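What follows is a single chain, given as structure tokens, in the form predicted on its own.
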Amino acid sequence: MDILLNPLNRRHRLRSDIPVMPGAFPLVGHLPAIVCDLPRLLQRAERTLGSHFWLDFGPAGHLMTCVDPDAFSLLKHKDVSSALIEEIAPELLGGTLVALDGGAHRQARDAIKAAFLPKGLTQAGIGDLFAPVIQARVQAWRARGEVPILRETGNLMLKLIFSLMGIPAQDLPGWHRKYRQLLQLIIAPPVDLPGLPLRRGRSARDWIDAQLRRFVRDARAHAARTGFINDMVSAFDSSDGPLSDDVLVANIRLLLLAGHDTTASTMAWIVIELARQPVLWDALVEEAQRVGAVPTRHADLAQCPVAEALFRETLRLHPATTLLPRRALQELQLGQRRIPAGTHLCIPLLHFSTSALLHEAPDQFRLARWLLRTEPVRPVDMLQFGTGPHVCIGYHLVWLEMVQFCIALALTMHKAGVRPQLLSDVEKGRRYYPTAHPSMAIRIGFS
């Protein structure tokens, strides 16, 4: 199948002396190809235009995309800003860590980061909280025998996040409904009328924020109580400098958003790879049998190198975050080109995750690249979590979740004498933007 480009737009033109990728549609630009076929779009653009080119992101405008390895350094460049993220998605990401820079970012991050570090996660008992939830979910998959894997991992991640936030079981249906409405802000056209996605999404966001403010007040009223939200609020209140509760609420909401979609996608891809490569499943089962139980502390994760390698290699080959927008604050040298100040930039993480310049045999799923390595993990090896000041604050939490999930899956299915089986075409229906995920139609059997 050909790439979803406009056959009537073949004109070659330049912006700031950098070529514009032909094939954009009116209003939506290159978004159809970015969403459905990003790898081939980037390959074609590099082959025909070189390492620097403009892509049209429809409502978000043109972003100068660079596939030169130097682009990775933009993530920690002092003259590159993340504020463009808030301009692209102000309804969802305004005021959050991912859209702040400089002193405002450091102050907000320092106020809450302790709860996300291994010590904070262990003290809050997050591993003990998650383990039975994960085990119950995979046992239900075994009982059903066949599941739509992305839908199931999405539901599991919501369950984990809601348990992290201390939401009572009887309130979960309401939260599920509001969260689904909140996600409409990702694609909502800028038309604020009753019944339309923008109005529903804003209403859901306001409802969620009101509930989060209630959690914050409750945490302050019970300061001696332990738990993840309590620890976040305690660290926030004891931080230096005045910060409004709006910052805290916005970043708890970010935890809900970032912790669900991207992690569910990675979790689904892990199961898919285990299903289509029996040797991976055998290695994981052997490790799970040796460990004997789902780990609950970060100190225990070192006993699970196969599960960790599965997590890291899946994230490398199937990155959930494919592109990152930035803005050049000053004129920059990027590869062989000078980039004017004010340029809107796109850093193609997907390209670097699968680049032969950065990884040996990049298109192959290899646990050995992690199990046999002797040097520390490089920033480029974990680029899905970013680098520099904006490295993902939830890195250790996701690491824990993924290892727990792998071990629970292996123990449960091996005990029942079954293994995952792929029942669908993996390539059909993949999506790459705004976050990447396998098709919702992919089904996994356990037999």
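All figures in this text were calculated on a predicted structure; none of them were measured in a lab. Sequential numbering from 1, following the sequence displayed.
Absent from the display: the form predicted in complex with a small molecule. The rest refers to it.
With a 4.5 Å cutoff on heavy atoms, residue 326 counts as touching the small molecule in the model of the complex. The small molecule in the model of the complex is not approached by residue 42, whose heavy atoms all lie more than 4.5 angstroms from it.
Under a 4.5 angstroms non-hydrogen atom cutoff, the small molecule in the model of the complex has residue 259 among its neighbouring residues.
By the criterion of a heavy atom within 4.5 Å, residue 236 is excluded from the residues contacting the small molecule in the model of the complex. Put simply, of 294, 315, 345, 309 only one has a heavy atom within 4.5 Å of the small molecule in the model of the complex, and it is 315. Checking 422, 398, 49, 31 for any heavy atom within 4.5 Å of the small molecule in the model of the complex turns up a single hit: 398. No residue of the trio 61, 88 and 185 has any heavy atom within 4.5 Å of the small molecule in the model of the complex. Only one listed stretch (31 to 39, 388 to 396, 407 to 415, 51 to 59) carries heavy atoms within 4.5 Å of the small molecule in the model of the complex, and that stretch is 388 to 396.
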